[in-house]
Structures are given as C-alpha cells and as structure tokens.
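Take a look at this one chain, the form predicted on its own, written out in structure tokens.
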Amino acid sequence: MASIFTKIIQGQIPAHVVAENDRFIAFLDINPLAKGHTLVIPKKEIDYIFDLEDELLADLMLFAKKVGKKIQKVVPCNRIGVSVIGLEVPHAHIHLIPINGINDMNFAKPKLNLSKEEMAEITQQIKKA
C-alpha cells in the first residue's frame, strides 16, 4: 500500500510543493511547528532513511540543503533545524524547521494552524527564493 507521501508524489493528494526534481520533492508540513516547516522526501518509497542507498541519501541531504537555504531567506529564523524521526509515515523524510532555539523543534508542542492562503503564500515565497 502506498504511503501518504507516495500519494502526494503521484498527485493523488494535494500538497504545497516548494521544490521538486526527478528524484526528490519538498512540501510544506500540514501540521507545522513553524511557518516554513517543510518535509523533504525521496520519490522512491523506502520506509527507513538509513535503508536508502548511500548515493540517494547523500543526494537527499544536498537537495534538503538547497531547500533549507531557500526557507531561511523567506522565514526569519536563526537556523533551519533538521530532524529525522521516521515513525509517523513509512516513507523516509527529513523535517526542515525554521528555529530560533532548541525548543522550537519539540514535536510535542502544539502545531500551527495556518490557512490555505498562508500556506500558498509561503510556498510561493520559498519557490521564488
């Protein structure tokens, strides 16, 4: 059964895509910890990030780096935090989260409730960056 991320890749579920190439896609998290919270995934469905082939993992990180730099141009923050948890969706993914302190990456804290318009605006700003 395809993961929710595979359904996003296939266009079966809409997403606010901020970057994409033939092997990777980055889109805004629908339950963000911060404005600009983005998920970066390989298009190849593999559950666990450390099961990715070395070259694919390295290229995923380089793609995430490019996306992270774009987010940082758009969302005021000290850094872009990087987190890999991998329990919530069985598809390897990296969280890129604009942060000003370590507590900004606490996944137990309440998520933001952004409107579709806000999500679309952030998406366009990151794409332009």
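Not measured: the values here are computed from a predicted model. Start at 1 with the first residue shown and count on from there.
Although not depicted, the form predicted in complex with a small molecule is the subject of the following passage.
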Answer option from I46, V82, L56, I30, heavy atom within 4.5 Å of the small molecule in the model of the complex: I30
In the model of the complex, the one of V89, L52, M61, C77 near the small molecule [non-hydrogen atom within 4.5 angstroms]: V89
Heavy atom of each of A34, A120 and I122 within 4.5 Å of the small molecule in the model of the complex: no
Proximity of I126 to the small molecule in the model of the complex, heavy atoms at 4.5 Å: no
4.5 Å heavy atom contact, V67 and the small molecule in the model of the complex: no
4.5 angstroms heavy atom contact with the small molecule in the model of the complex for L39: yes
Non-hydrogen atom contact I4 with the small molecule in the model of the complex at 4.5 angstroms: yes
